[in-house]
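The chain below stands alone and is given in C-alpha cells; this is the form predicted on its own.
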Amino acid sequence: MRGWLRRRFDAAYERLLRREISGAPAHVAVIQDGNRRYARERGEDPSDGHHAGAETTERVLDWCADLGVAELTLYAFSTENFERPREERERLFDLLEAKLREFADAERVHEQGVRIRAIGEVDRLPERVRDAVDYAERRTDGYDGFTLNVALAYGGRAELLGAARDVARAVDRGALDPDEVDVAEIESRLHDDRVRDVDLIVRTGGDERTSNFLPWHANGNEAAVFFCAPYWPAFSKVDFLRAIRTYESREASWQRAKAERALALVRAFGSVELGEARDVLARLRESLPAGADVDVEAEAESESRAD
C-alpha cells in the first residue's frame, strides 16, 4: 500500500514539475555519485551498484530526449578512480566496455542520431576500453541529433594544464603569437570537437562539490548546480525535473539582474536624449525577461522628462 501511494505521489509531483518547466538547458553534465554506497547499504558488491547506475544512465538519456536537452556529459571515470582497488577497477572497465558497445549498437541511438564521444585521457585506459571507445565513436560519427559525452580518465585541472602546455609549445616554436591566444584558441586545444558550455551540473549522492568537473565549460559559463541526496542508481525523473527547475529559476534570476543593469544604464544617461537611450535599449532587449523592456522604456521616458 505504501509503495502504491508513493508511486501515485511521484506521478502527481512529476506532472506538477512538468507544468512549471518551460524549457530545458542545452547541456547538462552529471556527476554520478553514490553507486558504491548504494550497493554497500544493500549488502551487495560495488559492481552491482555500478550496474544499477548504468540503468539510471539509460533512463536519463530518455529524459533528455523527452525534454529537449541537446548534450549530456557523464562523469563515468575520473583520474582519481585509478586509485581504487584493482579488482573494482577491472570490473568497472568491463562495464564501461560493455555499455559503450551496447550503446553504439542500440537502435534508439541510431534512430535519434545520438553521437557518442569520449573526453579525457583515454590513452590511460586499458586497451579493451579504448577499443570500445573507438567503436562507439566510429559507429555514431556524423550524427547531430544529440551528443553524449562520456568523461573517461577525466580531470578538469589536467585538461586545462594540457591546453596551457599545448599553447606554450606552439608559442615557443613560433607557430602562435601570444596576442592570438584567446578563448577560441584555448577551446580548440581542450577537445578535438567543440563541447558546449555547460548550463547545469547535477550531482547525486549528497556531496555538494563539483569535483574538478568541466571547469572551463561550467565555471566559465557560471552554470547552475543541483545537488541531491539520492544515490545515482536511485535518481528519479522527479529529481531530474527538480534539477531543470533549479536551472530555470537561476536563469530567471540572471534575467532580472540584466533588467536591473539596463535600468541603471538608462538612469545614467541623465541629459542624453530619449532616442539615444532607446537605441541602447534595443540592443539590450533580447537579454531582458518578458515585460521588462516595457518597464525600462517607461523609466527612460521618466528620466528624460525629469531632465
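Owing to the predicted nature of the structure, the values given are computational and were not obtained by experimental measurement. Start at 1 and count along the sequence shown; that's the residue number.
Just so you know, the form predicted in complex with a small molecule exists too; it's not on screen, but the next bit is about it.
In the model of the complex, at least one heavy atom of R84 sits within 4.5 Å of the small molecule. Interface residue remark: F213 is not counted as part of the site for the small molecule in the model of the complex, having no heavy atom within 4.5 Å. R242 falls outside the set of residues with a heavy atom inside 4.5 Å of the small molecule in the model of the complex. When contacts are judged by a 4.5 Å heavy atom cut-off, A54 counts as touching the small molecule in the model of the complex.
K99 is the sole member of H191, K99, R139, R196 with a non-hydrogen atom lying within 4.5 angstroms of the small molecule in the model of the complex. Interface residue among V202, V129, V150, A223, judged by heavy atoms within 4.5 Å of the small molecule in the model of the complex: V150.
In short, of 164-172, 130-138, 181-189, 75-83 it is 75-83 that has heavy atoms within 4.5 Å of the small molecule in the model of the complex.
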